[in-house]
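Single chain ahead, written as structure tokens, the form predicted alone.
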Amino acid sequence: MKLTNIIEQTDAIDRRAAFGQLGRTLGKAATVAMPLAAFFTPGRARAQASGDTIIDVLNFALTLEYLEAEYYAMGLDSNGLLTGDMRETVALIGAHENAHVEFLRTAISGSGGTPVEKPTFDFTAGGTFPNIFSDAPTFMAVAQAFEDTGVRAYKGQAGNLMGNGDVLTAALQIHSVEARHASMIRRMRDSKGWITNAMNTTGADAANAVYAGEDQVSQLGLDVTTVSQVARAQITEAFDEPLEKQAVLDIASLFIEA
């Protein structure tokens, strides 16, 4: 699904500005668990697929969880924005995000690391979404973008945690819940629970940051279209793709002041 499509309820001018900015940015580049200190021995504390340490990866995840938790808290505090079942569901999702925040902070501190501080967020994206906390369809559309980004971000960091199976397991436990959030929000927006109608690879669609690469039909070097009678669009729906750290940070930076 194109990111421009998931916010079709917003003003057309705001929509073009917001996701033109996303494209330019990409082009430029439950319960708090017990501390995980026992799993962070010096020989196991380095991520395997990059120069980041496992603490770096957890702080990256913490930044995303801060963003989501703050977003839902502000939505719930906005008078009249969320009502009925929508409010109840968003409150539950927000509680999950707060649990993730506390878990990650505890894990990082318990390992001898320092949790990053919560940034200052601007969820209007510099005025692009001036009605973000007064218009429920806009709020839910951006929530979907955040959740889909978070799911892809956790997937993108799995390889960096391969050196520590316990931490990888903990990250995957969060990842699966984030995927449930994304699916639930999509259904509340009368959409399918998975990413549909994957982007093509031409024109502006290729710069659509949140869903970049979701048109992939090659898995483990095999072109799935050559061994399946399933339509290409459904093949892309059958596999979710990871999103690299810098791409995630580029997306998040649109909503971070400092």
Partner chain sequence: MKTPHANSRVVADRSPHSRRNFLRKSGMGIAAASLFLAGCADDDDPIMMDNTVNLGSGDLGVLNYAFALEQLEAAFYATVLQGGYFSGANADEQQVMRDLADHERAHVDFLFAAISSVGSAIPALEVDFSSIDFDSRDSVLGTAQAFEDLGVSAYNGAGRLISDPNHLVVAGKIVSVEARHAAAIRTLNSGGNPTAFANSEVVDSNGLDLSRTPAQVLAIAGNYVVTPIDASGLPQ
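Numbering follows the first chain given and starts at 1. The structure displayed is predicted, hence computed values, not measured ones.
Missing here is the form predicted together with its partner chain; even so, the following discussion is about that form.
Across the proposed site, 109, 215 and 245 without exception lack any heavy atom within 4.5 Å of its partner chain in the model of the complex.
Comment: 156-164 is the region of 71-79, 135-143, 121-129, 156-164 lying near its partner chain in the model of the complex, near meaning a non-hydrogen atom within 4.5 Å. Taking 67, 195, 209, 55 one by one, only a single residue has any non-hydrogen atom within 4.5 Å of its partner chain in the model of the complex, and it is 195. When its partner chain is considered in the model of the complex, residue 85 lines it closely, a heavy atom lying within 4.5 Å. Of the heavy atoms in residue 175, some are within 4.5 Å of its partner chain in the model of the complex. Contact annotation for residue 116: none of its heavy atoms lies within 4.5 Å of its partner chain in the model of the complex. Using a 4.5 angstroms limit between non-hydrogen atoms, residue 249 is distant from its partner chain in the model of the complex. Along 77-96, these residues reach a heavy atom to within 4.5 Å of its partner chain in the model of the complex: 85, 88, 89, 92, 93, 96.
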